[in-house]
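The form predicted alone is given below as one chain in structure tokens.
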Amino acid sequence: MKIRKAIIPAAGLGTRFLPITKAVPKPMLPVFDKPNIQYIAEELRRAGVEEIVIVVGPDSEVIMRHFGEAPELEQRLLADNKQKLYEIEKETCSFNVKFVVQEEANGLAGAILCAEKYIGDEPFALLLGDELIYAKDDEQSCIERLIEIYENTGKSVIATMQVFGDDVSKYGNIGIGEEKDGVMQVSAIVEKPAVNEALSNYALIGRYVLAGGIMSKLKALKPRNNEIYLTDVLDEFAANGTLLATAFNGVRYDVGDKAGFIKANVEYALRSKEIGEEIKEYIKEKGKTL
């Protein structure tokens, strides 16, 4: 079945970025010249996903405004003959986006369930807003790769990367079985294990394609520490042989981490046709003083 829909959870409080996230939702923090949530919407459009459901918190009107119409701004840009800026503005409201509010902070699975009325029993992509994955124009993007695998196999599939040392405990961790053509059978999943309890060095990261019918399984979960965990259902899929994993092309940035956020801004700026060379020269000169 074709993947037509996607969910982007964006209801977190972003406490690691206080005080800015007191007023600005973390998904709206800019990476170079766009909020990071727009990059994720663009990743989905590139993959052919038709409908995006963004799960927001109760005080996230700014995300809705960003993806909405702004007729007064558009009229002013046209009146000032700022055609390029007008096109940039129109791009922000060109996505087919629906919004749902997550009233209760009950975890990732809770956010997914908030989108049930739009997803139903269809398979869908799930992209976490804390992670940007940059792919060149001639590379298959991460979510394109996952969708391709799902549409070829009918099995849920997750993106993975290798991590080492203390980083193992920062991520969901997967056991790996048979591998063929870069696609791995997942044997089990544990949530952020101690290093000595890890199943492998493969981490679960924020890109998924999930088979239809998962909503009923999520609703049957029992909360742990006031949250319901997607990994509980994924572990069930792994036990049944219906969960796959794959590495991905491109560069991943953890923009939920302050250092990762700065690295993303620097590298996206360096890729800019407008100021990339200027930033490169600045970094070279700055490096001489470090």
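Quick caveat: nothing in here was measured; it's all calculated off a predicted structure. Numbers for residues come from their place in the sequence shown, where the first is 1.
If you look for the form predicted together with uridine 5'-triphosphate, you will not find it shown, but the lines that follow are about it.
Q: If contact means any heavy atom within 4.5 Å, which of 181-189, 77-85, 153-161, 106-114 contacts uridine 5'-triphosphate in the model of the complex?
A: Every other range fails; the passing one is 106-114.
Q: Taking 4.5 angstroms as the cut-off for heavy atoms, does residue 102 touch uridine 5'-triphosphate in the model of the complex?
A: Although uridine 5'-triphosphate is absent here, residue 102 would touch it in the model of the complex, with heavy atoms inside 4.5 Å.
Q: Report yes if any heavy atom of residue 128 sits within 4.5 Å of a heavy atom of uridine 5'-triphosphate in the model of the complex; otherwise report no.
A: Output for residue 128 is yes: heavy atoms within 4.5 Å of uridine 5'-triphosphate.
Q: Is residue 13 close to uridine 5'-triphosphate in the model of the complex, meaning a heavy atom pair under 4.5 Å apart or at it?
A: Close contact exists here: in the model of the complex, residue 13 approaches uridine 5'-triphosphate to within 4.5 Å, heavy atoms only.
Q: Listed by sequence position, which residues of 23-49 have a non-hydrogen atom within 4.5 angstroms of uridine 5'-triphosphate in the model of the complex?
A: Residues within 4.5 Å: 26, 27.
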